[in-house]
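The chain below stands alone and is given in structure tokens; this is the form predicted on its own.
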């Protein structure tokens, strides 16, 4: 029994034309697999230059402006959202009665959005819980329209909110799935639909707590939703449809010679996603690994292209040592320096504890072998509060001159070179640093992941693109 989970990104459902194209992809898949489950993002921007509405951004901006006391923007946002979605219904759904019913459902959902924003304005704040309830609305609307588009091409489809099947903890804005409970609910609800010959169209990005309070999985979480559902349902295949021909070796806006990578291991893809490759949410691969479910990234608008296959082998025979270069922009290097740190136990632990109190994620970490400094790389927006917390934590050591200072280099970016051959191919690191040296680029910090399939380097913001182009040349030879 074959079961494919097919996920469509925002551009793949960005307008009526895109929805019809996605519907044709599902129709073809119905002939190849015993069962199909579709997962959708909110509508993204369409190719029409007049379309400036990014659905999720509009929802979030409306909530935040309401919290600031603005009583007009969320009404305007409701009208913009209604226009965008009603236009999509008219172009993607053929049956007049189906169009009318979906339009009524959308009116109801947008009325609820307006009421929530009005409440936020009265309270003067938007809590993470309220923001989750508002920001997940785009997927709920898109699922209904996409299901209608599928019915228009002869596919028996029904939309379903993931709040009914994906059970999460209560970390609003970045909820984690509770897989045992999710698996039980998903099996019960989705198998009932599949047994009736229905293709479920599931909302990505959202879930709900055990008590039914809506949550979200973090921005870009629809990719993650597809993997959670695939793992819960023991799918045989996952397809992630986007607007590029698979996973590229780097950002083509930086290096025009970027190419589609045929195959990646799960480790390689995880490293790329964590260090800036925007094609997949960083957590997408994790649920698939245990179940050994392959994932293929394909282009909705060029469906005949094979795309990129992501497999769970630790090694691909004959693969190139270096496959891709990714970037993380707008980071800061924070350094704790002091000769008195040498041999003192617990300094690193206290450093991380202090950073954790600020709720900041550490992207890279290194410590000099002489134990006289610790270097952390954090998002630039967190720099001030991380420095302040570290100075407070180390106040005693600073006053005794055991620690000299806590400094930051704020004009930094991370570039990461990824490839399974890094750990066992002699000379790879030398070639990477040689390429940067030949380009006249200084490296401020270095880290190699425990997976041994990536090397990350901190460079200056102004030379980041030059660094990417220099290292990317190594992936082509």
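None of these values were measured; they are calculated from a predicted model. Numbering follows the first chain given and starts at 1.
What comes next is about the form predicted in complex with a small molecule, which does not appear here.
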### Query
From the list 124, 96, 252, 396, which entry has a heavy atom within 4.5 Å of the small molecule in the predicted bound form?
252
## Note on the structure
None of 278, 188, 119, 292 but one has a heavy atom within 4.5 Å of the small molecule in the predicted bound form; the exception is 278
### Query
Hey, in the predicted bound form, does residue 241 get a heavy atom within 4.5 angstroms of the small molecule?
yes
### Query
Can you check whether residue 456 is within 4.5 Å of the small molecule in the predicted bound form, heavy atom basis?
no
### Message
With a cut-off of 4.5 Å between heavy atoms, is residue 271 one of the residues that contacts the small molecule in the predicted bound form?
### Response
no
### Message
residue 132 versus the small molecule, in the predicted bound form: is there a non-hydrogen atom within 4.5 Å?
### Response
no
### Query
Looking at 176 to 184, 351 to 359, 242 to 250, 157 to 165, which one sits within 4.5 Å of the small molecule in the predicted bound form if you count heavy atoms only?
242 to 250
